[in-house]
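First, one chain by itself: the form predicted on its own, in structure tokens.
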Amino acid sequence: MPTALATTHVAVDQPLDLPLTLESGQAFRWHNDGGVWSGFIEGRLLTLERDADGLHVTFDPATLPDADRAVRDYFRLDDDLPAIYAQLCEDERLSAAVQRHWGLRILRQDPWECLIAFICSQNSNIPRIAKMQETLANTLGEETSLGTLTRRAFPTPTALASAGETRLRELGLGYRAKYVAPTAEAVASGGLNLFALRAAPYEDAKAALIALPGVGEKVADCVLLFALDQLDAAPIDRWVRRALEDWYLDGQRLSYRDLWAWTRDSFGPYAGYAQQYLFFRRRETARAKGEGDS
């Protein structure tokens, strides 16, 4: 017989804008149905609903016995966001961005799913990345149910490695398949322990990721920030680059590495939070000027 579902209420006494956080381009497989969000944390299906005091969580206690801890970890509720805000808001532009996007949090995702998502992010956009991840799950992932809700988990490294490059191309990954397939093989074989990178120094963890096929500095920094506890990682995409060059560097163009170093030196251990808010502020400015949002 199916296990009876359980519910818990995770108290949240810090800023948390749930839609903004889940739709911010960090994670790609959360579904919203009338304010009830379904997705996977630690590979387990659950639903989340925001209320005035926290998050109402529905889960299967047989597969996720400590849902409260898992949800708190995922949303990094151990981060003191008000203290982070106090530091970031010493900068005028960041202060405006924080006020505009109050409650946007950095996530602590599963590093395997995060890695594949950002390998697939190359030359793409959020809707297309989400489509690729959902297709992989629906084709190669394990079916899981939560009451009447049925979805498929993200495929394991073994499942993606077994599918191979040709099949992954057929599933819409295009040229990215030639990177995803060998990366899956490396992780499935035990050649790289992604979770162990959470305890590694930034440079060591980044070097381990860049050694994988198709992983450059930006993809590595995305995984480091959004999954591996490296809050001084600051992925530099075109919006963050424009923000830094236009607002801080008088138009000076620097290499990716130099921009990252400038961001870390300027915003300290929370450079990752700084880049996330700069990303939203610069993209919003571009929209207002009709510069496009591809």
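Treat the numbers as computed from the prediction; the structure is a model and nothing was measured. From 1 onward, residues are counted along the sequence shown.
Although not depicted, the form predicted together with the DNA is the subject of the following passage.
K.L.:
From the list Arg167, Lys178, Arg100, Arg198, which entry has a heavy atom within 4.5 Å of the DNA in the predicted bound form?
P.N.:
Exactly one residue meets the criterion: Lys178.
K.L.:
Out of Arg72, Arg152, Lys218, Arg93, which one falls within 4.5 Å of the DNA in the predicted bound form, going by heavy atoms?
P.N.:
In short, Lys218.
K.L.:
Tell me whether Arg76, Arg108 and Gly190, taken together, all sit within 4.5 Å of the DNA in the predicted bound form, counting heavy atoms only.
P.N.:
Judged in the predicted bound form, none of Arg76, Arg108 and Gly190 sits within 4.5 Å of the DNA.
K.L.:
So which stretch, 120-128, 76-84, 141-149, 198-206, is the one near the DNA in the predicted bound form (non-hydrogen atoms, 4.5 Å)?
P.N.:
Selected range: 120-128.
K.L.:
Answer yes if any heavy atom of Ser255 is within 4.5 Å of a heavy atom of the DNA in the predicted bound form; otherwise answer no.
P.N.:
Flag for Ser255 set to yes.
K.L.:
My question is simply whether Pro157 lines the interface with the DNA in the predicted bound form - judged by any non-hydrogen atom within 4.5 Å.
P.N.:
Residue-level check for Pro157: no, no contact with the DNA.
K.L.:
Using heavy atoms and a 4.5 Å limit, would one call Cys222 a contact residue for the DNA in the predicted bound form?
P.N.:
It does: once the DNA is placed as it appears in the predicted bound form, Cys222 has a heavy atom within 4.5 Å of it.
K.L.:
Might Gly25 be said to contact the DNA in the predicted bound form, defining contact as any heavy atom within 4.5 Å?
P.N.:
Result yes; Gly25 sits at the interface with the DNA in the predicted bound form.
K.L.:
Even though the chain is shown alone, can you say which residues of 50-85 have a heavy atom within 4.5 Å of the DNA in the predicted bound form?
P.N.:
Residues within 4.5 Å: none.
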